[in-house]
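Two separate entries follow, structure 1 and structure 2, each one form of the same protein chain as C-alpha cells.
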Structure 1
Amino acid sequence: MSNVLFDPLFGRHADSNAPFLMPDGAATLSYGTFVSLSARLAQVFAGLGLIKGDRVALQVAKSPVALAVYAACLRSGLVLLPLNTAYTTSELSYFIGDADPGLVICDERQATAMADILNGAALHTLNADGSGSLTDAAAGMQGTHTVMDCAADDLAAILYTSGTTGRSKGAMLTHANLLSNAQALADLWQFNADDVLLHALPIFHTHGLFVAVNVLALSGAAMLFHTGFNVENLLRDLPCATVLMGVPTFYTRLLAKPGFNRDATSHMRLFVSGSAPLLADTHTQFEDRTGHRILERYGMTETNMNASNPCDGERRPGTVGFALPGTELRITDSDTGAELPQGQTGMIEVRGPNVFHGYWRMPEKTAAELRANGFFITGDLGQIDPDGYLMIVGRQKDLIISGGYNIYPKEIEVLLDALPGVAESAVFGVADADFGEATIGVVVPEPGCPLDPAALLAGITPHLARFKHPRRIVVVDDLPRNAMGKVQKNILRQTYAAPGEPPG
C-alpha cells in the first residue's frame, strides 16, 4: 500500500526511537510511539464503520492525542475537519451539517450540547489531558494498522474559512497539496533532524498543523509541544529550541520581556512569522534586540504557504518575500483579470501544487475564485517591488472607495504606525452618504503614551492626497482579533458605522 502523505510524514518513522513530541510537563513521545498511537486510533475509526473519504470533525484542546487523530485520519484515508475551539454550538451546527462527518470528537464537557447537532455522526470525547472515550477505546487496540492506499488527489482535510463575510467555505486540501508545500518549506527553511521547533500555535489552523507539524515530521525533527501561548513558557524553553514559528503577537510579547535578548536567542536558528501582518517596527526592534531577522511568509487556508522571505538572503520588512519554488504569483486587475505591470497594485493570484481543489459542495464559489487555468484569486491586494519582493496591501473587501477613488488602508496604516507613541493601527471604511465610504483610523497607543487624535491626523495628512485623509481617528485600548491574531475589520466597521448608516 502507498499513502502519499502519511508515508513520508509518519510512516517511515514507525520504528524510530527519535524524539518527536516533548509536551510541557509530560513524557516525551518518540516517533515510533506516536505512529503506534495513530494506528490504535485508526482501528477505533474502522470499528465505527468509517471508510475512506469519510470526514472526522475535531474540536478539542491541543494535546498529543489530538495531533495523533490527524495522523490516524491520514493513514485511514479519512478527511480531517479541524474546528476552532472557540466556535459556538450554533457555528458548529453549520460546519457539521455542511461537512456531514461520520465522527465528531469533542471535549466531554461539550458532549451534551454536541449530541443535539451530530447530524447522524458518531461521537467520541477527548479532553485536554488526553483522557476521554476516544483514548479509552484506543487503549484496547493493537498498535498496528494497515495503512490505506491514498493517491495524490485524495482529500486529506477540509478547512473552513473564517467566514467574516458570508457563509464559511470548506477548502478541500489533498494529500499532494499538503506534501508539496511541506517539501518546499522544509527545503527553503533548511530544516533537518537536528532542529527542535518550539510549537505554541493551535493545531486547528493551517499554520500550527500543516506548516509546523508537516515540515517538522518530514524533516525528522522534534518539537517542544506547548498546549498554548504563554510568553513565560516560551522564554523558559527557548534555550532548548532552534526554531520558533509564531504570529506577530508572539514577537511583540517577547519584546516586552527584558530577559529576551541576544543571550536568550544565541542558539536559535530561525524565527518565522505569519497568519497576520508583522509591523516593520517589530522587525526592527527584534533585530536590534536579538540580532535575528524574523522571516515573514504569506499563506492562506486555500493554499497553505505561497511566498516566503529567504532563509539565506535579505528578509525585507513589510514584504512576504518571493513565490515558493513550484508556485507562481501574479498581480492582476480585479475587474478584468489582466496581469498588471510590476509595481502596480492589484489582485494577488497564485497557481501551483499547493492550491486547493475547490470548496466543499460549493461549485459556484469554486468557479468564481479558481480560474480554469489553475490560478486562485486570493482576495488579497498586493504589489511586487523592483527586486521581486511581494508586499501585501490588504484584502479586496477592505479596499475603501471614497468619492470614486480607491484608498488602500495599508498605506495609511504604515504612516500611523510610524508616529511616536503608536503601537499599531487599523484603517477601514464606513458608509457615507456623500462619498460612498468615509475613512476611519483606529490606533492603539504604546504603554504610557497618551495620544491626541488631532495631532495624529496632522502628522499623516502632509503625506497623503486629500481624498485619502481619514475622516476621524479614534484611540482605543486594543484591536479586535480572531484566534490567529488577524484584525477583524468587519467588527470595526460595525462598531464605528455612522448612526443610521449600515456597517461598511
Structure 2
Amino acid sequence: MSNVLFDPLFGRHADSNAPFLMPDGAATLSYGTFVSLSARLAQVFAGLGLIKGDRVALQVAKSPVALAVYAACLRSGLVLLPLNTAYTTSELSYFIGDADPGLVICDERQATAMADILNGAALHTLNADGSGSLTDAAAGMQGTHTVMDCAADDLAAILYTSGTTGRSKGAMLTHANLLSNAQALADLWQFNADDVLLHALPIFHTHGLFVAVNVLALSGAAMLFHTGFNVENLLRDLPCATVLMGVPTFYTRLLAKPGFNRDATSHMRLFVSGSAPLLADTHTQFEDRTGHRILERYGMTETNMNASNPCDGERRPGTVGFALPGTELRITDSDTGAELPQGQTGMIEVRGPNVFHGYWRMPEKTAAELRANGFFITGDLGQIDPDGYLMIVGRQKDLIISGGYNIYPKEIEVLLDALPGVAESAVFGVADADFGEATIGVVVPEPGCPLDPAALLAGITPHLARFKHPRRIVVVDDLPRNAMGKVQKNILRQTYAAPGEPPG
C-alpha cells in the first residue's frame, strides 16, 4: 500500500513543522500544514466524485494553494493538467476538450468564459490571493484523507506541448517518471534539508513544478516562493537563499543590475539554468561578476531532465553536460535513425525512467517520436565533445524559445494564413537580448490585396497567448524557397536578424 510519488515527496513530511513554503509577504507554510491542506483539497475532489485517473485542469496564478492542488492530485491518484495563465479561451477550449477533465479550476474572473468550454467538467475558482470556491470548500473539510495507492506507471500529470504540425500533444508523465528524475537531480545537485530555493518560475511547466518543487520536497528543503519573476525581489532575497533555478533571461536580467555581484551572491551555493540555450558569454560574465559558474542542464516536457553539467566537476559553457545517472543519450542520423560515431552532429535521442509514456490519446504521434526500443527522438540536434559533454547545436523541429516559453511557428502561420487577403506566411525567431529569441512573422498578400501589419496582428491576437504574439509582422512579395519549394527560414532569420528596421 503506497503512493509512489506522494509518499516520498510530501507524505513522509505529514507531521513535520519544518518550513516548506515561504511566500513573498505572507506566512510560512510548514510541510505539515501543506500536507494537511492537500488532504482537505483531496476531500473536495472526492466529494465531486472524481476517481483515480480523472484529470484536473488548473489555470490559476501561482500561490501556495495552487501548489497544494498538485499535491492533492498526487495523493488522490488524479492527473494534473497545469495550464499557462496566458492561454486564451480558444487555446483552453482545445486542451479541455482533449484532456476531458472532471474538474477545471480557474480564477473567478475567468469563470464565466470557462463555463462555456467546460465539456461536462465541474468548475471551482481559485484566485491569486488564495480565495475562491475551492478554498471555501476545503475549509469545511476535516483534513483526514487516505492516500490513494499509486503504482509506478500510474499517471501523475499531462502537460501539453505544441506540435510542429497539427494539434498540441498531451505528454503523459507517470509517478515513476517524476520520482526517478527528482531523485537523480537531488543527488547530482547535492540538495539537502538546509537548502533554500529561490522559486520565481511559473508552476505550470516541468521546470518550475517538477524540477524545482519535486527536488526540493524530496530533500525536505524550503522554498522562497515568489509569485513571479521580479529582479528587484530576487536581489532582495538572494542573501537568504542557497539555490536559484532559472531560464537564461533570469541571468541576463540579473547581470543588467549593477548591484548584482559577489556580495549579493555570497550565500548561494548553486545557480541552475535551463529551458533555453544559455550563451557562453552570459556564463562567463556571470562568473566574472559573482565568482559562480552557472550549472546548465537540458530537459524536455516529454523526458524531464536528460543531461546536466556536474556539481563538483567542470561546468563547461555552451554545453549541457552529461547524461543523468540512469539516462542514456545517443546521437543519431535523423534520416536513418542509425547511431552516429562520437563527435558527429545529429539527432539527440534519450532513453531512461525519465521518458514519458506517450501522448494522450495519440498513439500515432507517440509511435512517431518514441521508438519501440524506448529511445525518444527529441528534435534537438547535438554533438558530444571528446570529454563527453553534450552540446545542443540546433533544432530540427521548427520551434522558437522565447524567455523559456516554447512557441510553435505553425500555430501562428495557420492563423495568419486564414486571414482574408493572405496568400501565405512564415513565422520564425530572431536573436533577442532579453528573451533569447523574438518572434517575427512575414506575410505574402494575395494578388491585389493590400495588407496592413497592424490589422493582421489584431486578427490573430485574440486566439494566442500574449507571449506568442509576433513582435513584428512584415508584408513581403514572396518567401525565399529552396529548389524543393520549402521556405528557407534560415534566410529569413538572417534577413531580419539585424537590430533596427528590417526590410519590407
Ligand code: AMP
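Here, a residue number simply tells you its place in the sequence of structure 1, counted from 1. Under this definition, the rigid core comprises the largest set of C-alpha atoms superposing within 1.5 Å between the forms. Predicted model, so just to flag it, every value in this text is computed and none were measured.
Undergrad: Any idea which of the pair is the form predicted on its own?
TA: The form predicted on its own is the one given as structure 1; the other form is structure 2.
Undergrad: Two rigid parts of the chain turn against each other between structures 1 and 2; which of K397, G130, P202, V147 is at the hinge?
TA: At the hinge: K397.
Undergrad: Please state how many degrees the smaller rigid part turns against the larger between structures 1 and 2.
TA: 161 degrees, smaller rigid part against the larger.
Undergrad: How many Å does the Cα of L492 travel between structures 1 and 2 when the structures are matched on their rigid core?
TA: For L492, the alpha-carbon shift amounts to 7.6 Å.
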